[in-house]
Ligand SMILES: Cc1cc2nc3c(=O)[nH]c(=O)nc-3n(C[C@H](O)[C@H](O)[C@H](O)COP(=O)(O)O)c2cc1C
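Heads up, the chain below is alone and in the form predicted alone; it's given as structure tokens.
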């Protein structure tokens, strides 16, 4: 069983990476699992160019992104995954540019312009999203629900976990960040973030476990 985790955050030691690692560890705890974590910010690539090559009725091009760059091998691994875990912090009401560009390149070849809109990829992996933000939990709920709905239609069964009102700095006094109640944020990080990590672990384990049962 192939587990692929995609990290759309630049920092490997902060909130998003920690949450994604927990989800990955949960999936890897299921017997028979093998996989890796891909760090998008280490790759050189761009988003969808709108060339429509992936829609051509040509076996060598159909349902495959024609752009060849650092993301190409990752897309092939994603197509072959049984469990796909994707993590991103929220930037200006959306996932990061790196995560968005990956998603464009992965989702667009996964559908056709035919009337039935049939998904093109051979597998239906389970998809687990990890979101982190300093906003309240309900702030992006509609966005998360819609994004999971989209990946659910094109890729496979999708769900998400989130960590909200997260701690971003060790020392808030060094930053222009007076809008935050620092004591509350730090207290929440100590008390709640371990629970968020556990929720991510359980999601990964659940998604991998359900693939084994198929």
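In this text, all values refer to a predicted model and were calculated from it rather than measured experimentally. Residue numbers count along the first chain shown, from 1.
The same protein also has a form predicted together with this ligand, omitted here; what follows describes it.
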Looking at 102-110, 117-125, 74-82, 130-138, which one sits within 4.5 Å of this ligand in the predicted complex if you count heavy atoms only?
130-138
Counting only heavy atoms and a 4.5 Å cut-off, does this ligand in the predicted complex sit next to every one of 9, 15 and 166?
yes
Is residue 143 close to this ligand in the predicted complex, meaning a heavy atom pair under 4.5 Å apart or at it?
no
Given that the partner is absent here, does residue 98 sit within 4.5 Å of this ligand in the predicted complex, heavy atoms only?
no
Check each residue of 91-112 against this ligand in the predicted complex and list those with a heavy atom within 4.5 Å, in sequence order.
91, 92, 93
